[in-house]
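Have a look below at one chain only, the form predicted alone, in structure tokens format.
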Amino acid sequence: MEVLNLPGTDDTPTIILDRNNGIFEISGRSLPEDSAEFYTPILEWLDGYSNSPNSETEFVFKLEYFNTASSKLILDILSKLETIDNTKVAWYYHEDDEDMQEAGNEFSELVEVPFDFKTY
């Protein structure tokens, strides 16, 4: 399976989806002009990955900020993770960023995937 590696910009997060090395990470800022278009390759990659996932998957979110349109797509990603056995989410947030901590808490209540909250 191909590695999906999208470098981040001021408006889009860095995406690394690498099953061979067990790296599944979205980090940075997410304010793409067209969130649906930006996140489509990620959702498609996860569809393929879900057919033959690793024995364990830890999906890392290290987002500094995301807009409302991105939040819908993040929820779509989390919903796909629900279908993959032995998956957990590592939700990172800056120690003093209550908004990002709260966003993670809200997402964790909407999906059946264990969340591990970590500060950095």
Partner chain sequence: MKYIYELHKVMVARNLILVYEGEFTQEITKSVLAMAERNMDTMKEDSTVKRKVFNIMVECLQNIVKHSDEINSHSVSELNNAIFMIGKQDDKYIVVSGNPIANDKIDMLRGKLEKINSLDKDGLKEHYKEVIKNGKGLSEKGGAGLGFIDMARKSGQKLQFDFEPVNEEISFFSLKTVILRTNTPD
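This is a predicted model, so every value here is computed, not measured. Positions refer to the first chain, counted from 1.
The next section is about a form of this same protein that is not shown, the form predicted together with its partner chain.
> Ok, L46, A90, L31, I84: which has a heavy atom sitting within 4.5 Å of its partner chain in the predicted complex?
Of the listed residues, the single hit is L31.
> Residue-level question: is D18 within 4.5 Å of its partner chain in the predicted complex, judged on heavy atoms?
No, D18 sits far enough from its partner chain in the predicted complex that none of its heavy atoms falls within 4.5 Å.
> Flag S35 as yes or no: does it have a non-hydrogen atom within 4.5 angstroms of any non-hydrogen atom of its partner chain in the predicted complex?
So S35 counts as contacting its partner chain.
> Would I42 show up as a contact with its partner chain in the predicted complex if we use heavy atoms at 4.5 Å?
Judged by the heavy-atom cut-off of 4.5 Å, I42 is well away from its partner chain in the predicted complex.
> With a cut-off of 4.5 Å between heavy atoms, is L110 one of the residues that contacts its partner chain in the predicted complex?
Close contact exists here: in the predicted complex, L110 approaches its partner chain to within 4.5 Å, heavy atoms only.
> Please state whether all three residues E25, E56 and I77 have a non-hydrogen atom within 4.5 angstroms of its partner chain in the predicted complex.
Zero of three within 4.5 Å in the predicted complex.
> At 4.5 Å, heavy atom to heavy atom, what parts of 86-110 sit next to its partner chain in the predicted complex? List them in sequence order, or say none.
The stretch touches the partner through H94, D96, D97, D99, E102, E106, F107, E109, L110.
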